[in-house]
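First, one chain by itself: the form predicted alone, in structure tokens.
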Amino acid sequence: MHAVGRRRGAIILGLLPALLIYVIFAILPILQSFYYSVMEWDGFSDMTYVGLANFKEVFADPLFWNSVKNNIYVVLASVFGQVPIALFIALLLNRKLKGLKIFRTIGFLPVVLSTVVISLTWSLIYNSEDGLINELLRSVGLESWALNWLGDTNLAMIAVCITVIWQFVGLYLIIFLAALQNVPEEVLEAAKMDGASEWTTTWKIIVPMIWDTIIVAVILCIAGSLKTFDLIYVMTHGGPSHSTEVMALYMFNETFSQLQYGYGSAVSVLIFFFSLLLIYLVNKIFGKKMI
């Protein structure tokens, strides 16, 4: 009993530094945002308590709801773009192929690149004058299809979502590959001996065995999508006409450009609850408690 108690004490003592850092840099800023959200403050003068006035103002602002809509687009693009594509590629790469390590490295490459580099690269690809996409369209005689991809309010969000999907497919590819390599070979051999087709083996054996990993990937997708900021900030700055402005960017503009720290904190509190709501819905849909 004494040995168990000493071990628990050692574990708690070892966790304390990490817990302290987490509280200082994660929990306290969140609590601080809650406090600022009920204040009117420009960041310099004295704060004035205004209750829920900031929240009422946020809910009445159509630009906020526009940013919510754009964030939902990013979430949907991530969940239904990144996860299926990464799973499909992982299933292909989880075979004995020549040059497999090279393909894995290429797949993971976008994850290690700076978001600024990715944003600038894709901005050049989408360039309306001499971008790669428009040049390819012109080279095959489809000049009328060459468009101003990031300058059109109807196309800009689609262009941004494609970039978001491309950026993080590699991350989920590596996660799925790790999960697939833990599927027992004996199970796959038994399915093969029973005459199961590749399709049946994949969807009735492999996918159910890595289902928990897929759910975790979906939750990571949602969490990452709600934090989307830097990529859109560099690519479009939320434009044109707020057509690519997401909640984090809306909060940034209102807080630091308009110097409305109380109002911006109210937006950050709403982002916090919106994130919890989405993750709760994912848990309800999949019927498992992951958090």
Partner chain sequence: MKKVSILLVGIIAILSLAACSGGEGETASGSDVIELTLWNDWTEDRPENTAYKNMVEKFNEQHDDIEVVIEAIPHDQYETKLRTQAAGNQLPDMFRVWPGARLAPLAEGGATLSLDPIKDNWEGVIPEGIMKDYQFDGVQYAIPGNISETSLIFYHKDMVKDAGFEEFPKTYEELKSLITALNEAGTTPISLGNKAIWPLQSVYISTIADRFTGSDFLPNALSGEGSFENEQFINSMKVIEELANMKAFNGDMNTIDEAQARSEFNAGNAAMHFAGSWAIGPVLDTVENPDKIGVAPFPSFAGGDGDPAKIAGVAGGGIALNSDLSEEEQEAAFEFLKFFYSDEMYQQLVEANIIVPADVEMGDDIPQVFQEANKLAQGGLAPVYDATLSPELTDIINNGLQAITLGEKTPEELAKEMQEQVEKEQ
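Residue numbers count along the first chain shown, from 1. Everything quoted here is computed from the prediction, not taken from an experiment.
Unshown form predicted together with the partner chain; subsequent notes refer to it.
- The candidate site formed by Val38, Leu100 and Pro110 is entirely out of contact with the partner chain in the predicted complex, as no residue has a non-hydrogen atom within 4.5 angstroms of it.
- Contact annotation for Val23: none of its heavy atoms lies within 4.5 Å of the partner chain in the predicted complex.
- Residue contact with the partner chain in the predicted complex: Gln181 places no heavy atom within 4.5 Å of it.
- Although the partner is absent here, Glu129 sits close enough that one of its heavy atoms falls within 4.5 Å of the partner chain in the predicted complex.
- Contact check for Gly43: a non-hydrogen atom falls within 4.5 Å of the partner chain in the predicted complex.
- Scanning Val68, Leu259, Ala223, Val50 against the partner chain in the predicted complex with a 4.5 Å heavy atom cut-off leaves one residue, Leu259.
- Just one listed stretch, out of 214 to 222, 173 to 181, 88 to 96, 144 to 152, contacts the partner chain in the predicted complex at the 4.5 Å heavy atom level, and that stretch is 144 to 152.
- If you take 228 to 245 and check each residue for a heavy atom within 4.5 Å of the partner chain in the predicted complex, you get Val234, Met235, Thr236, His237, Gly239, Pro240, Ser241, His242, in sequence order.
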